[in-house]
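Starting off, we have a lone chain in the form predicted on its own, written out as structure tokens.
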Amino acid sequence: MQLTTPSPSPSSSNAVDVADVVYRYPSRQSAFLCDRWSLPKGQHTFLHGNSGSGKSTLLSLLSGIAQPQHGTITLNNTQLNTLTPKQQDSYRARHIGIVFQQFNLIPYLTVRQNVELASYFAKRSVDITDQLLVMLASLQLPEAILSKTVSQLSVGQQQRVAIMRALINSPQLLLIDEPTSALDANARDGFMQMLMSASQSFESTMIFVSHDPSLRQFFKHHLAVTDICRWGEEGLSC
């Protein structure tokens, strides 16, 4: 299946281009509005904001899980909201890695099976064993963990498995949503160091969102979600 790429800037060096986006929840009177925002390829950016500021909404839009009612979202020269739902699913599986706040791992499957699912949905037919072993070493996990079910793992181990799943397809874009909220300071810092090292080795663009301003220290680039998006009245255009 050939993905269409009707981006307004085919030669753009940006990983993300957002233009005039309006998104409305059916249950809310206000709309989520993003006028213009671009993110260069390969950049790691920390987006911070309080609860309700729109961090998760923005990630849902960037991943194609949510669809804007107006405007365009272009990722690496592919305009997401011109793709069919099936094409969006395929694009997300192949080109976007997501680490959810609750990880969304399948507890009764093994670590290997959880990661293999991501490879399966991206329609990769290669043996990922060597890639898994490299990731385990990078994330300081023993090889034996591959045969354990997720339900047997600690929270910290589950976080690192979530990173493995997000990176297995060498995604162009990594979206990270509040993954350290359940960790103490020492565990949080260790996790962040492993995440940054792993993502740099894959040369992925990263958007990391959190309400914790102390995580800013790990990023050269940072800004508030409210610097690029806002909540406005119903019907208000960007």
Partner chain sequence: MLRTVAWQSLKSRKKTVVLTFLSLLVSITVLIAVEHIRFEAKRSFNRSISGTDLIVGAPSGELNLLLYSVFRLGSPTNNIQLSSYNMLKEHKSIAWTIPISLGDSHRGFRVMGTSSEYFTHYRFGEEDSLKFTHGQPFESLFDVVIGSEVAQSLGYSLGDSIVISHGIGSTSFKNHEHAPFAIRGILTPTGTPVDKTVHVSLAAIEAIHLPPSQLEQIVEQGRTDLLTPSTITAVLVGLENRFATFTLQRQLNNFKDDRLMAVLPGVAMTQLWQLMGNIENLLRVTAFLVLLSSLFGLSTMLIASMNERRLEIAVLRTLGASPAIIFQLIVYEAILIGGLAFGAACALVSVSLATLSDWLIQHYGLFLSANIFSLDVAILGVCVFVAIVLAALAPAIEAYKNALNTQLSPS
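None of the values given here were measured: they were computed from a predicted structure. Numbering follows the first chain given and starts at 1.
As for the form predicted together with the partner chain, it is not shown, yet the points below apply to it.
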{"query": "In the predicted complex, the residue from 33, 47, 59, 206 that sits within 4.5 Å of the partner chain by heavy atoms", "finding": "59"}
{"query": "146, 117, 83, 150 - the one with a heavy atom within 4.5 Å of the partner chain in the predicted complex", "finding": "117"}
{"query": "Residue 89, heavy atom within 4.5 angstroms of the partner chain in the predicted complex", "finding": "yes"}
{"query": "Touches the partner chain in the predicted complex: residue 104 (any heavy atom, 4.5 Å)", "finding": "yes"}
{"query": "Proximity of residue 76 to the partner chain in the predicted complex, heavy atoms at 4.5 Å", "finding": "no"}
{"query": "Residue 177, heavy atom within 4.5 angstroms of the partner chain in the predicted complex", "finding": "yes"}
{"query": "Contact at 138, 191 and 219 by the partner chain in the predicted complex, all three, heavy atom at most 4.5 Å", "finding": "no"}
{"query": "Region of this chain that lies against the partner chain in the predicted complex, out of 68-76, 151-159, 119-127, 138-146 [heavy atom, 4.5 Å]", "finding": "119-127"}
